[in-house]
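First come two forms of one protein chain, each written alone as structure tokens, so that there is a structure 1 and a structure 2.
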Structure 1
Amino acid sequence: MMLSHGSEGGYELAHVLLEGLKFRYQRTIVHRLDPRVKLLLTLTLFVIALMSSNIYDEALTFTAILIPASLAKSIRRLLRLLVYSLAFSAFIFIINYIFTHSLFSSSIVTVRFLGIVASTSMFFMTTSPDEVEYVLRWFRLPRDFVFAFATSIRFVPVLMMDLTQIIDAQKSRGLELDKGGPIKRIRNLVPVLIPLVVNALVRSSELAEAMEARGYGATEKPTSMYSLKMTKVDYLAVAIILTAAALLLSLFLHVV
């Protein structure tokens, strides 16, 4: 990407985060699990991260996150994402310290935050948008909602491309994005935003036409080429996840 300096830093950061969370197709045992199992895994890790309240808990939580992450060959991506969330963690740490004056409890809260980031991003890193759509359908959410969700995800890269092209075009006509004071800088964005919105509107009206031409909404009950099916491995994974979760939570709550 050609954008790298000045006020475009925000854009760059957004881009890196999107890249970091973006699904990449890999054939690992975790990627191949049923998406519902991956959702269960993520939710379980999320609860564990949320419930951990001391150093030992945190250590166990991160171990619990690292095991599936390493099976998914995604440790490096996970670490990169955590590095990017450090700025925000510092913010959380400072706010906490102001209120509690305890370095220790502020650290715990901050590490807990990182655990939550890591656990939720596991889902996005191992589940394709396609699979997310299947899960939403499986929950029997309204078709229009699922479709709108899927389309908006599908069009993120398309709109990013539009944005890059518009910025390039406007720059070649003499627009300087990073000139002037804060007000001027915001005003500079207008010649970028207007074509972007117009473009998106044109796209959406063409999309609506294409949907119609392909029979969207023709029946109450549209069918699906594939449907989700649990395999033996999936059931095994569910058993392992639930057992591990029960074990960890009872340790956290000092039941055993």
Structure 2
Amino acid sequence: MMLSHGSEGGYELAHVLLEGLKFRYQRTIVHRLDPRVKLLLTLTLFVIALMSSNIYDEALTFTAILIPASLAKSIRRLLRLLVYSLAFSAFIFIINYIFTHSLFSSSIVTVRFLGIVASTSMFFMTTSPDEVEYVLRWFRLPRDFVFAFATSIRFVPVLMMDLTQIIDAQKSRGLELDKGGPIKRIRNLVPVLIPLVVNALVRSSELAEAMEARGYGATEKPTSMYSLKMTKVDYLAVAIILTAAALLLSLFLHVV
């Protein structure tokens, strides 16, 4: 049994969006940077994307985003993510045009959204869940919040993989998700959602047992084997990021 092109496109879109935000280690200068520097880079690109107000600013913004993506050897993943984000971008364009009746304004908002997506995805593409956890700890956030956030980053790809396997298994048993009306299609999702929820509950139970076995919560201030340390390369990267950001913002504000 084969799903319709619409159903396959929906699952492919979800898969691509997830892959676009999934960490993959590569031996690049960007991956080796301190996670705090990568967070600074992401926030800087995010602010630059928000500050852009015309086509020239948008071109400079995407150039600034593509440079670190190229250094991280993630430019193909980033471009693929942007291509699959065009559907939602079109929705943003239509909604904005309905309220503003301006093609220029709607186009700028849409391209700005793509810039925000690209700048945000750069952090998760180049930063492992462990590094994210270290950064959150460095900010002195509550330990339970840090653990929950880091765990969600680790388990979302696992749940997506489970979903794909469950769909393939149910398709092999004759399940047709694209047959019938809206109510029928919702009912067809039950054989997919129930195993997915069961797997999630089993994993959460196993995680709770593992946390208990390791004494989670036994001490108020647990120590860590690893700590974040800035190197000369990190300080140089911070200087380059801040200098480039100041230059771009000055160009946006027409100071230079």
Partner chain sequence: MSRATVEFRDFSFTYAGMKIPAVRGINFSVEEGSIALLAGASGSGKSTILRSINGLIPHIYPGEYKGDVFVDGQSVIETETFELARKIGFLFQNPENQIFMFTVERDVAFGLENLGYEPKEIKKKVEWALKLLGISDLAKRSPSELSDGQKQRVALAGSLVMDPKIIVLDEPTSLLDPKTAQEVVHLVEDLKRTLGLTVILVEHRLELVSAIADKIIILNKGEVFAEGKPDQILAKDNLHEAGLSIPPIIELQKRLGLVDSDAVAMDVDDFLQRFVQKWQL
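In this text the structure is predicted, and so the values were computed from the model without any measurement. Quick note, the numbers are simply positions in structure 1, starting from 1. The term rigid core refers to the most C-alpha atoms you can superpose between the two forms while keeping them within 1.5 Å.
Note: the form predicted in complex with the partner chain is the first of the two, structure 1.
Both R140 and A90 are counted in one common rigid part of the motion between the two structures, based on the superposition that better accommodates each C-alpha. Superposing C-alpha atoms between the two structures shows the smaller rigid body rotated by 13° with respect to the larger one. Relative to the superposed core, M211 has its Cα moved 2.5 Å between the two structures.
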